[in-house]
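The chain below stands alone, shown as structure tokens; this is the form predicted on its own.
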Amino acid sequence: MEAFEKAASAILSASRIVISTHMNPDGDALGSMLALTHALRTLGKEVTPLNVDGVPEILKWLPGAELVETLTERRDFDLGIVVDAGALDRIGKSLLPIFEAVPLLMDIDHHVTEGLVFGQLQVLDQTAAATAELIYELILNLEIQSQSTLVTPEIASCLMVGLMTDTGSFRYSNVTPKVFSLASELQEEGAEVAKIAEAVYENVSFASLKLLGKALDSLQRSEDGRVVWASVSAQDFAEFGGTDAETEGIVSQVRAVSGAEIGMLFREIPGRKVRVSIRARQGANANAIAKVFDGGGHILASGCSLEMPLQRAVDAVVTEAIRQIALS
């Protein structure tokens, strides 16, 4: 509780606040950032939410999504907050100077990787299912210290998205009694679960489904079936006019193969960069694989980027995954 109290106190003492999260943001990253943005604006703070990749189409319905900028010329912030990033450099090279220049930097995350903790203030808990859990607790502390009512249906909806997506709709092993209690509280605060689930899972673009087809057509697995992977090439993206954000969720389909302990999706981004999403079943470690390639995340869900052609990236990461699975 001391970490939340210190974080709330620092926020209340600040006037101009910049917030960001990791590249290619998911539901927990954006939901957490926007929930905090709404709360701080209610408190009268100047808040600039940033993401280097912007808001993916599937999440543009989130309350406050239109506030997110990809870059800003401002440098007069007195507090920087990074949520759900895993490491500071995961916010993107173009945003790093902004956060390196702030006099006070705060790290809020449920990804806790040794050696990658940053900032003068940390609110970290690797037992939390989602960063949204921590943001909710922080907002409650802000309510107490400011004697204000902050949680609105908009905030509750943003946090529900984070909770829902990072638990796989409450299916993953990170689901605890606390998760269900929080979901219940958020619903009472105005989060409409059915509408949120439809917006997140049943509102995909044509390009997204075509890219899913391409990925599944490329599906491969190791000889023992413990490692499964798929890829989406730059040519696939160009053919359907798709974006990297439209591959969100495909890696879960890959990991769903019976007998797979590690599922991976490789996406070839223009400029020969290859982004890799890694998902693990209980007992395997996705983060250990990602760290070899300077990536990060947590045990069951991690990612990394490689500056090399697609096939070379596939060969390198698959080889490492097979090696680590053999050791487990």
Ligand code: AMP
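Everything numeric in this text was worked out from a predicted model, so none of it was measured. Start at 1 and count along the sequence shown; that's the residue number.
What follows is about the form predicted together with the ligand, which we do not show.
Visitor: Tell me which stretch of 38-46, 53-61, 294-302, 256-264 has a heavy atom within 4.5 angstroms of the ligand in the predicted complex.
Guide: Looking at the other structure, the answer is 294-302.
Visitor: In the predicted complex, does E248 have a heavy atom within 4.5 Å of the ligand?
Guide: Contact with the ligand, yes.
Visitor: So, in the predicted complex, is H111 in contact with the ligand at a 4.5 angstroms heavy atom limit?
Guide: Looking in the predicted complex, residue contacts with the ligand include H111, since a heavy atom lies within 4.5 Å.
Visitor: Does K214 reach the ligand in the predicted complex, with heavy atoms at most 4.5 Å apart?
Guide: No - in the predicted complex, heavy atoms of K214 and the ligand never come within 4.5 Å of each other.
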